[in-house]
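Only one chain is included here, represented as structure tokens and corresponding to the form predicted on its own.
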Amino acid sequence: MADLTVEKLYRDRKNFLDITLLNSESGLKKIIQNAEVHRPGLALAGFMERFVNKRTQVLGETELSYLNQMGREDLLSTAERLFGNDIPLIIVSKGLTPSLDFLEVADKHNTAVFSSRLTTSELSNRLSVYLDAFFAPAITVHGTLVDVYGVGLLYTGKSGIGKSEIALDLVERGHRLVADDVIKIIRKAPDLIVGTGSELLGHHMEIRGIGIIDVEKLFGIRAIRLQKRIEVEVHLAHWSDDLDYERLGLEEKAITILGVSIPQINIPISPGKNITVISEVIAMNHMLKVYGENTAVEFSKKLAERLHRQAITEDYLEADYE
């Protein structure tokens, strides 16, 4: 992952954050090292023992009022203490502007200072959205991601197993393609992973025997999605007589991607098997489980009750001599 410089933040999110650079451009080359946002209230008051200097610093109206009531010597001392800790940047909210002395010390330490018209809370929220997305853990996998009835199904398997053909059939049935071949997976939350395609491939798909097709142009904008939460991995493999495949669904398998555990379903491929319909069943069955309905477990309970009642009845009849 490329480094996030202050310049990139400024260039990419200038309008989103509504920010204006207040001092020289010498601080734009600094690197932002994490997604955390900090308000340095205690640091301004002189307590630097636990100052998190690697975070993006936000000054609100309270902090700026505190600085403005200082004498020049105290202000310069405070600014030296703050910028001397090699902070990446400072953004002042509500369109407020710090004093020229404060900005001169910032220039001395090559640190950019911005002013934003947003409120402090809104600025912090927008910064967190952007920084969390940029620093989110991500990997790239080979597969196909399709939105089936609102469930993100990630198809994996050897090259040529038929992942793209299954996705094409699902799109033709009204479902939506997210990406084919190269899937970028991002962890957006501790229990949430989202898949998207590469900018280069877009929603193109390779169909062996035909070549490259553009799903969006063939089927329309309703046939695609830019990103989708990944909820189930469907692993495809050729049928093997030596393997035991799940028959009841009581033993649920899972796979961990970027620390997030999701169900994994292994589907054997054999001639005549309709994987498209099976995919729709997988999606609907997953939603039933989300709502607390597990068909395999319920069936197992009913079968156990039936066998228990049958055994009791047989014992009763064997003991009945009338």
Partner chain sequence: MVQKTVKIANRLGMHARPSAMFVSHASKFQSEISVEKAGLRVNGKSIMGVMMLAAEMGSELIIFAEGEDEEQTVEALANLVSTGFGDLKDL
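Positions refer to the first chain, counted from 1. Owing to the predicted nature of the structure, the values given are computational and were not obtained by experimental measurement.
Not pictured, yet referred to below: the form predicted in complex with the partner chain.
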Val92: touches the partner chain in the predicted bound form, heavy atom cutoff 4.5 angstroms: no
Partner contact for His109 in the predicted bound form: the partner chain, 4.5 angstroms, heavy atom: no
Close approach of Thr140 to the partner chain in the predicted bound form, 4.5 Å, heavy atom: yes
Ser128, heavy atom within 4.5 angstroms of the partner chain in the predicted bound form: no
Sole residue of Leu226, Leu201, Ala237, Ala133 within 4.5 Å of the partner chain in the predicted bound form, by heavy atom: Leu201
Option touching the partner chain, based on a heavy atom within 4.5 Å in the predicted bound form, out of Arg208, Arg81, Arg173, Lys217: Arg208
The partner chain in the predicted bound form: contacting segment from 81-89, 217-225, 181-189, 111-119, heavy atom within 4.5 Å: 181-189
Within 4.5 Å of the partner chain in the predicted bound form: residues from 143-161 (heavy atom criterion): Lys158, Ser159
